[in-house]
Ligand code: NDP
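Just the one chain here, the form predicted alone, laid out as structure tokens.
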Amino acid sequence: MKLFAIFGDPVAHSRSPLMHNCVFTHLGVHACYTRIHLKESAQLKATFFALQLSGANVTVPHKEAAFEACDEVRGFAKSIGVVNTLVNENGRLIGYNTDADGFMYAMAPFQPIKSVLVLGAGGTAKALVNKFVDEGMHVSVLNRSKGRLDYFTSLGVATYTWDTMPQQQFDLIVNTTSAGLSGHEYPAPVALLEPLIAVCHFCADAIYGKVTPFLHLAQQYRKISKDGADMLLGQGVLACALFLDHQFDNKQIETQMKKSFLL
């Protein structure tokens, strides 16, 4: 039996085992998927091979460390330095990123989107900002501090801290931070978020399975919004296809994976 897992801290909330195991069961794949609570990013590669995993997903805060751990990185992940999917290819750790395409899958109902404000500057933000830029959108990034913004500035996008963010209008505001995952935090001060949300068209949160404070604020302003469930599905389908070496097409995997959201 092949073994797959998701690495994260925290990771107990992850729906990935339910999603992938649902696919394995319904498509007759002899495999199992579990969670691994990994606190030290430096232990990712050693843990992966110690457990004899065939593949894994990676969530916060290990996506950038996963990139460094790979023997080879392919596709979109290669240009952004962020990996969320790992595959054991004959003893070599191969890295991919399915976050950005998964997000675009989720945002299809929100089109057209011409301007985006991304909250946060971590691995998920890097993947999404690069994708948005590739799609020709006008992108801005807002982060608590300036330290992690240099990467985004190098892409030619506008960058702001909580102290420098001007009032602007965006089609879409996306929260990529972990604020609200296990508590009641906002991704930025409410006094800063409220006027931005008031004039935007759509709001999205990468966090799924709950109405975060950010999404609750969006609902108060009657904004069309969604959590990260569709993004999770989109990236999960693409990751599963990589795990199974494209033995099944994406539609077959999506059909079975969607069943897990009814459980």
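For clarity, every value in this text was computed on a predicted model and none was experimentally measured. We number the residues from 1 along the sequence you see.
Not pictured, yet referred to below: the form predicted together with the ligand.
Contact check at 4.5 Å (heavy atoms) against the ligand in the predicted bound form: none of Phe110, Pro195 and Ser225 pass.
With a 4.5 Å cutoff on heavy atoms, Asn88 does not count as touching the ligand in the predicted bound form; it lies far away. Although the partner is absent here, Asp171 sits far enough away that none of its heavy atoms falls within 4.5 Å of the ligand in the predicted bound form.
Among residues of the shown chain, Met104 is not one whose heavy atoms approach the ligand to within 4.5 Å in the predicted bound form. Among heavy atoms of Tyr160, none comes within 4.5 Å of the ligand in the predicted bound form. Remark: of stretches 73-81, 138-146, 110-118, 89-97, the one touching the ligand in the predicted bound form is 138-146 (heavy atom within 4.5 Å). Contact annotation: of the candidates Ala66, Leu232, Cys203, Ala56, the single residue with a non-hydrogen atom within 4.5 angstroms of the ligand in the predicted bound form is Leu232. In this stretch, 67-85, not one residue has a heavy atom within 4.5 Å of the ligand in the predicted bound form; the partner itself is omitted from this view.
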